[in-house]
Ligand code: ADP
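To begin, one chain is listed below as structure tokens, in the form predicted on its own.
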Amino acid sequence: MKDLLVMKFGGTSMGSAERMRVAAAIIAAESRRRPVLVVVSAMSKVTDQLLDTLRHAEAGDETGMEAGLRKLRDRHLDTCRELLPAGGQEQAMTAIEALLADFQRIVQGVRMLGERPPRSVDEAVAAGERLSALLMAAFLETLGVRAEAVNAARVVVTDAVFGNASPLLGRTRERARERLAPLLETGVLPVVTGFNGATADGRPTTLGRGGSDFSASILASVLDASELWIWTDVDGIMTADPRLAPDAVVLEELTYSEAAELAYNGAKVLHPRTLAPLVEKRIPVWSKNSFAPEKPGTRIVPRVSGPAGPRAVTSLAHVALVSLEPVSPEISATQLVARALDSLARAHVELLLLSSSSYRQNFCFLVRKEELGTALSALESGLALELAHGYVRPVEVDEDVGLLAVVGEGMRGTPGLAGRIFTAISRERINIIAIAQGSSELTIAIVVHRGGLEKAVQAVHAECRLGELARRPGAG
């Protein structure tokens, strides 16, 4: 559809009746200018409440289970009463009760089984987004905006990797044209659930935590949107976490690659997979603050003007470094790496960094701590023979580490940059444990001891003058 704007509102932007009113005012204003499709997250903390209730059910804790259900019901019914006029509450409340009854049915099934099947978890946690979509659509109607809540399970078609599914864009395009295009063409604004989808045969899936951004970009792509606006609670993408670097500033512009690398390496403004569906169609993205909608935010586009070099530094603290080493240099490290990576891929473990030596042929990789157990199990299974016969030394794990990543297009054209970065870190007496840098030099990833991570971020931000550079004309 021509000039379609897709807008996504995160959990804090949907976190209360007051925040929903602000979001709805933004939506209503834009809908008077052009066609709009909205994607919503669950209210802040609701996904955690849903998962916590499922955990109580799995453990057979009926008291905890009932308390979780009560909290969910009270919060959404209270929000409904505060948000909607008295005459419009009854229908919305009935719909809320129906959605919560579906969730309760799954919870009871988990309690009876004593386990949480991934498919059931995916169906259950999507209740948060469905409740948000219902409330937002109902409130938009009171503002005179024709709106309809749409469950993305009826639109976004995915593979069957429950908990972290990937979209099938061709089939999603067909479903979007069948389900969403007719609404848009008749002037109805779809309010679509973020985060969830379904397999082609209808089994519910989710796109991973924070996947509402990804949902929005998928729909923007398949509907050929002109823009995607992602509304959060910060002013845009910054040169560093301002809690670590007080002089950090908002970047006016970033490339798709830069924004994706920052998201992948810890910047929480975007879901790491958000930009992939948009690149081919060159659909621009804005990261904006719903708490300060007058601020311009950060624009993400194929290319930006300005000098090459570092644009931002980001970090991850909750990570673990896993190391493998053959007992003898005569053992093929290439085969060992291949076997290890294949095992990790089969377990859907995401690697943040991979580094290796030459002579000793040992290598290490970085994973998020929440995936450490899965990674170790995968390695123990995939390398069972080598470990049993002593061809490979026992797997070593260091959890007292952090990841720092310096990101910027064309850093290859900045002579001595890597040396300056390493020197800045060493001046703070911080030991560098591992380094990885791709041939494009888009990212320099560095592993340091966890206790020095914050100082390392500050040192690199200052050395590269990121706050100062971001303010220069043509630099952002």
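Model, not experiment: these values are computed from the prediction. In case it trips you up, residue 1 is the first one in the sequence shown, and so on.
The next section is about a form of this same protein that is not shown, the form predicted together with the ligand.
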Original post:
If contact means any heavy atom within 4.5 Å, which of 227 to 235, 378 to 386, 149 to 157, 272 to 280 contacts the ligand in the model of the complex?
Top reply: 227 to 235
**OP:** Answer with yes or no whether residue 81 is in contact with the ligand in the model of the complex, where contact means some heavy atom within 4.5 Å.
**Re:** no
Subject >> Contact flag, residue 268 vs the ligand in the model of the complex, heavy atom cut 4.5 Å >> reply: yes
Original post:
With the partner left out of view, is residue 105 within 4.5 angstroms of the ligand in the model of the complex by any non-hydrogen atom?
Top reply: no
**OP:** Considering only heavy atoms, tell me if residue 242 and the ligand come within 4.5 Å of each other in the model of the complex.
**Re:** yes
**OP:** Enumerate the residues of 169 to 192 that have a non-hydrogen atom within 4.5 Å of the ligand in the model of the complex, in sequence order, or give none.
**Re:** none
